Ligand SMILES: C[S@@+](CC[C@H](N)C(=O)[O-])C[C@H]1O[C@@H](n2cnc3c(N)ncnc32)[C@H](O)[C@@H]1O
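One chain comes next, on its own, written out as structure tokens in the form predicted alone.
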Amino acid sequence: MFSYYGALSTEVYDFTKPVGYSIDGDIEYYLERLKTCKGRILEAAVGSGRFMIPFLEAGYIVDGIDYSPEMLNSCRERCEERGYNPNLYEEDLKRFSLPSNYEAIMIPTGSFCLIENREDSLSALKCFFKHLVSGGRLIVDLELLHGWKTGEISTSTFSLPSGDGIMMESKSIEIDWLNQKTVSYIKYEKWRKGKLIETELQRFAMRWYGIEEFKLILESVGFSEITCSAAYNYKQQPSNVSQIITFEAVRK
């Protein structure tokens, strides 16, 4: 019934978040935090390359992994347009095995929260740990729950350069306080000259974590030297639930 970051979702993402588009300073923050990194980097949930390509342009060696073939195809095309040919893997974050180990693994912009089940998120963290070299760093953004209203509907319209248009409707379906997750349905409709030519329905689930809870989870996997930063200011303590929370952790 549902797609997962399919063709229309990817098209909207590419249109609204072009290569190098920084969300609240995330690209600049990660470049600063990884400025001493000399080895290979993995971006988990790489999407269509918004975040990865600025790192390639800065001279880093970056691989990408994602579950969506449409997103990876877009990422590959965007990289090729700029003369890059990174390793891109179509894999599930909770059970992947790659041929390289990494000096850093990064998961920006709350993408880790898209792993819906607690057991799966733990499996993903174990995979990250396994793929880091000794002394390697995991940097991951989390979003806290805020502003949720069950039944709320929002609509956006995007006029594409081709002359087509995409209408996107998001409806807040449910919140599960016990399992700390929300579920929305996102409907995409692509229109051409007044006629509907394509539709897509996505189930969009997000999990949230308490700050101390996530620290304990990282420790249980084996990570150490764990730091927490808010709003892309290193070691700034969170003061608002709307702030992005960035964790860093080291594999010893």
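The first residue of the sequence shown is number 1, and the count goes up from there. In this text the structure is predicted, and so the values were computed from the model without any measurement.
FYI, the form predicted together with the ligand isn't displayed, but the following is about it.
Visitor: If we define contact as a non-hydrogen atom of the residue within 4.5 angstroms of the partner, is T182 a contact of the ligand in the predicted complex?
Guide: Output for T182 is no: heavy atoms all beyond 4.5 Å of the ligand.
Visitor: May I ask you to check whether L125 falls inside a 4.5 Å heavy atom distance of the ligand in the predicted complex?
Guide: L125: no, not in contact with the ligand in the predicted complex.
Visitor: May I ask you to check whether F247 falls inside a 4.5 Å heavy atom distance of the ligand in the predicted complex?
Guide: Answer no; every heavy atom of F247 is more than 4.5 Å from the ligand in the predicted complex.
Visitor: Considering only heavy atoms, tell me if V46 and the ligand come within 4.5 Å of each other in the predicted complex.
Guide: Yes - in the predicted complex, heavy atoms of V46 and the ligand come within 4.5 Å of each other.
Visitor: Heavy atoms within 4.5 Å of the ligand in the predicted complex: which stretch in 29-37, 213-221, 62-70, 182-190 meets that?
Guide: The contacting stretch is 62-70.
Visitor: Consider the chain as shown here, without its partner, and state which of L88, L114, L144, I166 has a heavy atom within 4.5 Å of the ligand in the predicted complex.
Guide: Contact with the ligand in the predicted complex is made by L114 alone.
Visitor: State the residue from T109, S121, S74, S172 whose non-hydrogen atoms include one within 4.5 Å of the ligand in the predicted complex.
Guide: It is T109 that has a heavy atom within 4.5 Å of the partner.
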